[in-house]
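This document starts with one chain, in the form predicted on its own, laid out as structure tokens.
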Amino acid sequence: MPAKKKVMVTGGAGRIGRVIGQVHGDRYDITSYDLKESPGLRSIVGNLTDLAALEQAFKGQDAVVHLAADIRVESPWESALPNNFIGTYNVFEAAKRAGVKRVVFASSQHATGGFYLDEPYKSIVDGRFKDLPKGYEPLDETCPIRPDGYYGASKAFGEALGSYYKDYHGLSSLHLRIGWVITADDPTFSPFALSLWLSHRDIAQIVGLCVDAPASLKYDIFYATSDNKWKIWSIEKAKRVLGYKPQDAAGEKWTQKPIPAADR
């Protein structure tokens, strides 16, 4: 039996990190790097702002899945700067120094979230599905960067940083513009959630596809949602390049409720 890939998950104690640990715990040799221990995973407790600690933690790892961040869409600059901008730089720099082969970066659709202001996509956000023109086209990875806050800008920064580390340091990085991974795995509380939902099964699948993608795939960006009926973001590239086959799909029925507290 070949040795399991060693995979470091920053933010392994968080919402997505726990899902990856549960689904891929037998497939990979996973270690969590987070501010607290992740139940069921080998854990290193540390801060992204500590470059030396990250470099030491990353030694011997085949891949790093970088999830850790201030995940609030409206995160203030005082938090986004150390946790999202400096932290992301430290992850890429530590991976380079430690000889890691690939970084899988949890980017976000919020890197291009400014398009939520425009039609026909605003109709989807508002649940006015009957107002959508027939045959409207979801946006794909060719659309320009258009962040909707410091959080989104930090994700665009991470994508640019990955390109730099690929070109000048030979570090492979694949970037997932993740939709909405919901703690209860149920998007029926709003039309926006129906569009952006990325189920637990599907986030685990697409992260695994990135970890195991051929070494020849040095750098790329992919939108990542489940195969939802009303799409703002196209997932065709992920299907074509990564072989992504989403198992779940949100329909068009919802009961308007507040965003669950765990997912704000």
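Just count from 1 along the sequence shown to find any residue number. Keep in mind that what you see is a predicted model, and the values were worked out from it rather than measured.
There is another form of this protein, the form predicted together with another copy of the chain, and it is not shown here; the text below is about that form.
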item: In the model of the complex, segment of 101-109, 143-151, 122-130, 180-188 with a heavy atom within 4.5 Å of another copy of the chain; value: 143-151
item: Check all three, W77, F85 and F157, heavy atom within 4.5 Å of another copy of the chain in the model of the complex; value: yes
item: 4.5 Å heavy atom contact, P138 and another copy of the chain in the model of the complex; value: no
item: Non-hydrogen atom contact L161 with another copy of the chain in the model of the complex at 4.5 angstroms; value: yes
item: 4.5 angstroms heavy atom contact with another copy of the chain in the model of the complex for Y165; value: yes
item: Another copy of the chain contact at Y89 in the model of the complex, heavy atom, 4.5 Å; value: yes
item: Another copy of the chain in the model of the complex - contacting residues of 107-126, heavy atom within 4.5 Å; value: G113, G114, L117
